[in-house]
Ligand code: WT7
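Given next, in structure tokens, is a single chain: the form predicted alone.
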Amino acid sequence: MMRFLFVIIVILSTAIYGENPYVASPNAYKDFWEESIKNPEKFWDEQAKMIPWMAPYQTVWEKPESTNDAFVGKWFVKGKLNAASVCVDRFVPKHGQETALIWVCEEDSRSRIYTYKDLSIAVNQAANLLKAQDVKKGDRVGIWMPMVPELLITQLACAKIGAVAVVCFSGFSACNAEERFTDVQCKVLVTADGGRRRGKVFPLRPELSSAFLQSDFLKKVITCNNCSLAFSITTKDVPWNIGSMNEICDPEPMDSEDPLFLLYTSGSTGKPKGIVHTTGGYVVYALTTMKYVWGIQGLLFPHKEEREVWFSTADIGWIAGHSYITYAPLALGCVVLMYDGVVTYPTPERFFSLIDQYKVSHLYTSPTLLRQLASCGDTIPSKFTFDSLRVLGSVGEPILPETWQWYYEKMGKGRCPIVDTYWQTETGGYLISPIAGVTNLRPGSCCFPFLTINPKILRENGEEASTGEKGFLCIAAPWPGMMRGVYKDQNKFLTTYLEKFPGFYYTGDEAYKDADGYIWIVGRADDVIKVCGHRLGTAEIEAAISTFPGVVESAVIAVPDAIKGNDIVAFIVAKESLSPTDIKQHIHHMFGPIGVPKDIVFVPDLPKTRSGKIVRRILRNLYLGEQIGDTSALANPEIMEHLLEISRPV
């Protein structure tokens, strides 16, 4: 297997760093994939050697005795490690003075650089601050912060002492955040007074409700002063003042299957799901996928004197930020560029200048941002050389071929491969993606599965779909980085992901394969909306709408948007005449700005099946002026006459 690993590294190194980024044979990777499918445990045993284990694991993968379902098995059994040590501490002895993290804010005057030694000390001090609040191994720590260094530091501080980090996107409302933190009964909440976006300050700590602050489970609230906003101090408030804390903190030995973090994801039911990710399998999978897909050398396999500078425009409040801002790039020894605010503020030129200024080598961003940049024309990007760029990446949603082409030509200058990555919060890392410099690319396709990942596209009856036929994307075998369950609701895990197609992990997405085996993602099969690449549950938004006085019920749909990919339209049944503006403001408060609909349409009733399920397809077709389709399954077919009379908003 050492030969297997060595050959892969040589191929990827040549492909990424050689004069021609496409010199490697695509068939070579197919051979390696087939070998990994035959013996996945052997492959992952080799990858796990990249990290320092505090105690060796006894078994790579253990199938559970109580069930025949392989997807609830354990990885790297009995192994001990600490994720903070993997990401930071191990590099301090030899590379303590080298840059680990560059933080840049949309305000030019605010930026910071952390060496490995600086970052290690900050993590230790933050860990000791948490310990001073009586946080122990297994305690849940809520984190609700903008993209400031203290966010990443707190994540790693939790890992250092064995606490379970629960990060909530700072763009969510306080109501939304409090729901998640209440569900996990977080012992301590770490937040900031506020954040900055497009030159404006938005409050965080001042927005927390008195009911939440008075909760019995919540012992302390640690607040970082980021914007100098005032708020009422309570007996639970503690300032973020790590400077006085001890710079030394011994890492807590964590079992490979101990939880590392919980991250909530929206689904087709009203309550968000707390996805549980464990320490060993997640860390090994995240750094392995990043190393191979991007051809990363970092400090583990240095190929040149220049280290890779990694820039992801994701937010750590989402899984893309967890895996590919905090854990994987740091664990590989990249220089991580972290940005706070809107990268196109005050003009799109800001984003382009960052790449040249900081010599970014690997850029990972969303189709939403790329569409926004492409709409500004070619004049601005033509001002920059982008000489440092080696690989480009896309995340969050399928990238349209025309957007892919713009990305390749205007930013990659026709020489940088694009890795269009497909994965989920639940998967921990990439499932399907091109391999930079190896895969023959097809714009719009995420191409082929990662090593040991065996995808199948199935029909409703469980049979495999034919070439070109759309079906349900499923995975036929487990992998180390996959979720271990839904917090406090393991039955939810089983019913949502494992029951629809027994023996498979069900992604909830639809896809098809072309004649050459390339995989194309079509979209969600359930009631989930992707806005700016963020996955929002229809039921969660509808729950926020339902709390507005006078609303009887509602249904939200996704409609195409040239920049966002999708936007939201809400159909509302009301007892009385209501103001759309007031409803939007209410949703902004209850859910957050990302859930505010583009349009609100008032209707006398909603189309439903006999089982009471709202047929959103009809509403979407109605709004877009398309053929309504079959209505024979409706329990209230008479409503169609009224719906057809409603003028579509322009």
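Residue numbers run from 1 along the displayed sequence. What you are looking at is a predicted structure, and each value in this text was computed from that prediction instead of being measured.
Quick note: we don't show the form predicted together with the named molecule, though the next part is all about it.
With a 4.5 Å cutoff on heavy atoms, Thr425 counts as touching the named molecule in the predicted bound form. The closest non-hydrogen atom of Thr115 lies beyond 4.5 Å of the named molecule in the predicted bound form. Mapping the unseen interface onto this chain, Leu389 falls outside it, with no heavy atom inside 4.5 Å of the named molecule in the predicted bound form. In the predicted bound form, the named molecule lies farther than 4.5 Å from every heavy atom of Asn82. Although the named molecule is omitted here, in the predicted bound form all of Val395, Asp509 and Ile521 have a heavy atom within 4.5 Å of it. Contact with the named molecule in the predicted bound form, defined as a heavy atom within 4.5 Å, holds for exactly one of Ser173, Thr265, Gln297, Asn566, namely Thr265. With the partner omitted here, the residue from Ser312, Ser120, Thr452, Thr421 that has a non-hydrogen atom within 4.5 angstroms of the named molecule in the predicted bound form is Thr421. Only one of 213-221, 312-320, 462-470, 196-204 lies within 4.5 Å of the named molecule in the predicted bound form by heavy atoms, and it is 312-320.
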